[in-house]
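Given next are two forms of a protein chain, the same chain in both, each as structure tokens and marked structure 1 or structure 2.
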Structure 1
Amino acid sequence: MKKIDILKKLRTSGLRPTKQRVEIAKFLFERDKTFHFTVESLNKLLEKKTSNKFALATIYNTVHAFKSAGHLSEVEVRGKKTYFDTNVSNHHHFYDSENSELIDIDSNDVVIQKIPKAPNGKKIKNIEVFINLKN
């Protein structure tokens, strides 16, 4: 994704393309493979990659803004930190607790044959399959 697209992405989401947002967006979205991170890991990587330092609160603000705009998804992982994913399509995850690593599973690689119907008055929003790994 090119810089011009980054700017468009931000503008069309109603996000003013500030220096910080553009930097973070470039870091997150200018890549081929999907990327999983926590606010802490993102912060460290940004410190290395770019010369600028961002306030931690800015990382939080930005990541949440991107999430609200649908550019990031939050992954269901129990633990202290919240994981985010640049893959916003419907998909599943392996979780390797050895090194706290998430790995995407394409939606097509999981086929569910049978699920229960939703409780009264409720509908199914989405189904997440989480495969925990061991060595």
Structure 2
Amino acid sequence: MKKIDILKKLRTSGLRPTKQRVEIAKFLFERDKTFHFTVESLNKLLEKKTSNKFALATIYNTVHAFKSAGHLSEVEVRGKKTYFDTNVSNHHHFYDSENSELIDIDSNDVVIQKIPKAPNGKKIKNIEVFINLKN
């Protein structure tokens, strides 16, 4: 991803492209594979991989601004932990609770034959299959 794309992501998220935000955005989006993370795990990774120090509030606000702008999706694990995903397309997940790891499942690999009708006054927004793993 070019630097201009990073700046565009920040601006479309309503964020001023400060040095710290640019570095967070590069860390999230300049990669070949999907990246799943919690705000806390991202903070630890940034501490290890970069020379800058980041306030947890800066990371939190940046991540949530990216989510609001549609650049990240949010995945809740049984109401206990919130992960963010750089893959915003419709897809499913395996969850390895022993390693606290989300693993993508391509939406074409899951076949759903019947879906119940939504309750009155509601529409189905999307369907997510979430498969818990154990050793």
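For residue numbers, the reference is structure 1: its sequence is counted from 1. For clarity, a rigid core is taken as the largest C-alpha set superposing within 1.5 Å between two forms. Computed from a predicted structure; not experimentally measured.
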TODO: Just flag whichever of structures 1 and 2 is the form predicted alone.
DONE: 2
Open item on the list: Checking residue 70 here: with the core superposed, does its CA move 2 Å or more between structures 1 and 2?
Closed with: no
Task: After fitting the core, residue 80 CA displacement of 2 Å or more between structures 1 and 2 - done: yes
TODO: Would you tell me if residue 12 moves between structures 1 and 2 by 2 Å or more at its C-alpha, with the rigid core held superposed?
DONE: yes
